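Before any questions on how it binds or moves, here is one chain, the form predicted on its own, in structure tokens.
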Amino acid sequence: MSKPSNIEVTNTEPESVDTGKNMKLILARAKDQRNFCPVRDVIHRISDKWSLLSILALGTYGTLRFNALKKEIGDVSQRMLTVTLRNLEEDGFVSRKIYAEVPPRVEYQLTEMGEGLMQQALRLADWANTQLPGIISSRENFKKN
């Protein structure tokens, strides 16, 4: 499968953000149990083992049928991928199109919001790849002490 031509990944300089103001707002929302905490909710939803892999696979290959997506992800069970895709669809990251054929054909693709999430996930992955040697060194030093 080839990568769709409409997906473009670029490394950009971090946007100027008032970090102090944003962090205080995030932490205030997290502490207040009466209010919805968007950071906690979104991180909870996408931090499982299969959600980001599904997002990245759909971002890499474009529209995929269920079995093709399962093949790209690897050792995910059919049940777990079904639950993952249902959650991603519910949150608006993935769209599902059902074709009235025999047997039925179902295709999945990222929505605009899903593509935005993929871009953020790629930033995190790039950061993790850059920082990995330092992280491994810190872990080794921690174990020595």
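Residue numbers here begin at 1 and follow the sequence given. Just so you know, these numbers come straight off a predicted model, no measurement behind them.
Here the subject shifts to the form predicted together with the DNA, a form of this protein not shown in this document.
Would residue 50 count as touching the DNA in the predicted complex under a 4.5 Å heavy atom rule?
Although the DNA is absent here, residue 50 would touch it in the predicted complex, with heavy atoms inside 4.5 Å.
Looking at the partner-bound form in the predicted complex, is residue 66 within 4.5 Å of the DNA by any heavy atom?
Although the DNA is absent here, residue 66 would touch it in the predicted complex, with heavy atoms inside 4.5 Å.
Evaluate residue 56 for contact with the DNA in the predicted complex, applying a 4.5 angstroms cut-off between non-hydrogen atoms, and reply yes or no.
Outside the cut-off, so no.
Heavy atoms within 4.5 Å of the DNA in the predicted complex: does residue 113 have any?
So residue 113 does not count as contacting the DNA.
Out of 59-90, which residues reach within 4.5 Å of the DNA in the predicted complex, heavy atoms considered?
The stretch touches the partner through 65, 66, 67, 77, 78, 79, 80, 82, 86.
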